[in-house]
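First, one chain by itself in structure tokens, the form predicted on its own.
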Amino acid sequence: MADNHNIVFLNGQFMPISEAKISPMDRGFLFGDGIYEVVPSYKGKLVGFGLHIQRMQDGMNAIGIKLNKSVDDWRDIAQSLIEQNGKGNLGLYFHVSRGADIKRFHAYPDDIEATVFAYAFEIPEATVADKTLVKQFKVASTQDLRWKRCQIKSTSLLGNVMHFQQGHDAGVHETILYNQHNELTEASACNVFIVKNEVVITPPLDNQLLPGITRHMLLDILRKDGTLQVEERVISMNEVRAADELWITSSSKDIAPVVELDGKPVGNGKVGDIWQLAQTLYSANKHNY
């Protein structure tokens, strides 16, 4: 799927990406005033679609963007993008900004139409629950310096981008973040789990972290299966550094095993047995949402 032939959706129409144009007065461009979602699909099958759209709607409600689209409306856009861009492994990006005004002014303007954009892009094959085949991640850690409303999946991503760049510059895959109390929040583009003594633990949802869809599904799947004990609680960075296993989760990564943190091995420095069990369960059930 060459990008120059990619068919995108913009404000009610499908078109080649080269023809998609948005006003420079759009508040998404001027202020990052918008909400977005990324939904994975594998051979035409969407993962967690309803949960993603509900989170996007929650985000729009939180910042006062009014848009009359149902889950089915979004699903129709998604299926059309999949059909027009090839039924491979595709990520679907949905972006709603407040829209374009005739002037730049901080307060929300009245009576402007939201800008709705969506496109498809190729993603890797789904993660296979095999310790010998899975990509192993290395991460760094730093204090979380982003804004205090991280539960909103805003298009204002500069804080996340800067933290991700820290890791990129350090030659690792991600940056794990902690607050002023030395407590784990999340990573720059992922949620974080630790495993200690076969207990799977992740921070509770609050304004410090995004309510990840993969996080949500994984917790639900593990609790329904019942083989592994699961806890949502505050986690100190001392616990993170002493963990037997460390995972990062996102819609594009499923459950990614971390084998190195700040240059030191996590646990025994190898992908763990609990990861393999969790990924096996997740792979078997992720299309149920």
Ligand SMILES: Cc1ncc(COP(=O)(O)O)c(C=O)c1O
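Throughout, we count residues from 1 along the sequence that is shown. Just so you know, these numbers come straight off a predicted model, no measurement behind them.
Absent from the display: the form predicted together with this ligand. The rest refers to it.
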Can you say which of 88 to 96, 70 to 78, 189 to 197, 115 to 123 gets within 4.5 Å of this ligand in the model of the complex, counting heavy atoms only? 189 to 197
Pick from H168, R146, K138, K131: which residue has any heavy atom within 4.5 angstroms of this ligand in the model of the complex? R146
Is Y36 close to this ligand in the model of the complex, meaning a heavy atom pair under 4.5 Å apart or at it? yes
Looking in the model of the complex, any heavy atom of R27 within 4.5 Å of this ligand? no
Is S250 close to this ligand in the model of the complex, meaning a heavy atom pair under 4.5 Å apart or at it? yes
Give a yes/no on whether I213 approaches this ligand to within 4.5 Å in the model of the complex, heavy atoms considered. yes
Which residues in 138 to 169 have a heavy atom within 4.5 Å of this ligand in the model of the complex? R146, K153, N160
